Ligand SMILES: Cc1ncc(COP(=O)(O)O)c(C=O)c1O
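So this first bit is one chain, no partners, the form predicted on its own, shown in structure tokens.
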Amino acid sequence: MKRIASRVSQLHGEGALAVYSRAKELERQGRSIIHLELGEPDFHPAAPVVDALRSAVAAGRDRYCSTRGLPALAEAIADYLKRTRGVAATGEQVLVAPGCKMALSLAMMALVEPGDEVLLPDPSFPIYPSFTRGLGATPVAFGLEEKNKFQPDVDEIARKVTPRTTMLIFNSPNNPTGTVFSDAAMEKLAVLARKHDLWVLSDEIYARILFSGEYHSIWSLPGMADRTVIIDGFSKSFAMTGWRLGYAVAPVEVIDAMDLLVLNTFTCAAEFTQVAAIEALRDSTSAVEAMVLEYLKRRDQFVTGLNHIPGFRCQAPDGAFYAWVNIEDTGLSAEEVQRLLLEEAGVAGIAGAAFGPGGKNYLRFSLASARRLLEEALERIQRVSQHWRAAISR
């Protein structure tokens, strides 16, 4: 029998998609399901962005283009990062890819060798450890714990650095906890990276979805622009998930290496979506601000409601659009609570172990649904909570 390459066996999927598949199956059976499992905005791109796409297609902007992305888009991204988070980068330091996962994968392929060790949060986006293993490297997790308000313990991270450690990955705001790493934590992480000569992969896909303050990228700290790769894109902030458009910002030598990988894989991202993305970055209708304000209202509504349900405990997230809920006081496992909510209440959430062992006693709910649906979800969860109330009272 012909063999499958062993690296494939090191990859794992996403828990959200497995729950989504079961939820859709129940819907086909006629069940009412409230989808709180996927991190997909229920908004759509602003009208000027859609108009720009139509115009680009009509004008024949459907050809091969630069492997790095349209120069005009690269310059627009550099300007956008300067304007929105104070990152000083140039268009030469930008590479456009069909989605953030692809940008992430290219950066890791360019920088991670078999046998390396890669530091990453637990809990976190499950593709980080999955792709690390797929490259023949070892993921080394550090905890984001509730007792620390899900901030990283940099002393713990320092203890886990070995001569084989080459990269530190994190995202802030964090998926799934919604934590925005503090300035103090960022400064300590930068010191650690410089001391041990580490690459830093900063996943900033949720950087615009903040509920207070301004975003500070680790790129901007002293000595970090030469060792940091920013991953960002259009899916979350601009509600362009199906457009598949992301980008990396990195030192030119890293972009050169990633460019060679692009040439050997997908050639280029679609030209017409890149043209429309320039319009998205202008945000002429202030669509991003309006969307974040709505997420804030949803956060306050849903988190307050969750904390009134017996056995549930949830800290209000600082950013992104997720509620990370401690369920250990229900007396049930997170997997059992997930099952009860989906099968009996018609509410789809994700058991936290999908994001790492640190998520064992948690559920993640997405706030990317209308407030009326979130209110109904709370009512359904409240009704089903009788299943664990007896365990709480014992």
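Counting begins at 1, following the sequence as shown. Note that the structure is predicted; figures quoted are calculated from it, not measured.
One more form of this protein exists, namely the form predicted in complex with the ligand; it is left out here, but the text below deals with it.
Comment: the ligand is not present in this chain, but in the predicted bound form one of Ile205, Val288, Val112, Ala193 has a heavy atom within 4.5 Å of it, namely Ile205. Put simply, of Phe125, Phe142, Trp219, Phe131 only one has a heavy atom within 4.5 Å of the ligand in the predicted bound form, and it is Phe125. Using a 4.5 angstroms limit between non-hydrogen atoms, Cys100 touches the ligand in the predicted bound form.
In the predicted bound form, Arg227 stays away from the ligand, with no heavy atom inside 4.5 Å.
Using a 4.5 angstroms limit between non-hydrogen atoms, Asn171 touches the ligand in the predicted bound form. Mapping the unseen interface onto this chain, Arg299 falls outside it, with no heavy atom inside 4.5 Å of the ligand in the predicted bound form.
Heavy atoms of every residue among Asn175, Ser235 and Arg244 are located within 4.5 Å of the ligand in the predicted bound form. Here the chain stands alone, but in the predicted bound form its contact with the ligand, taken as any heavy atom within 4.5 Å, falls in 235-243 among 273-281, 235-243, 112-120, 85-93.
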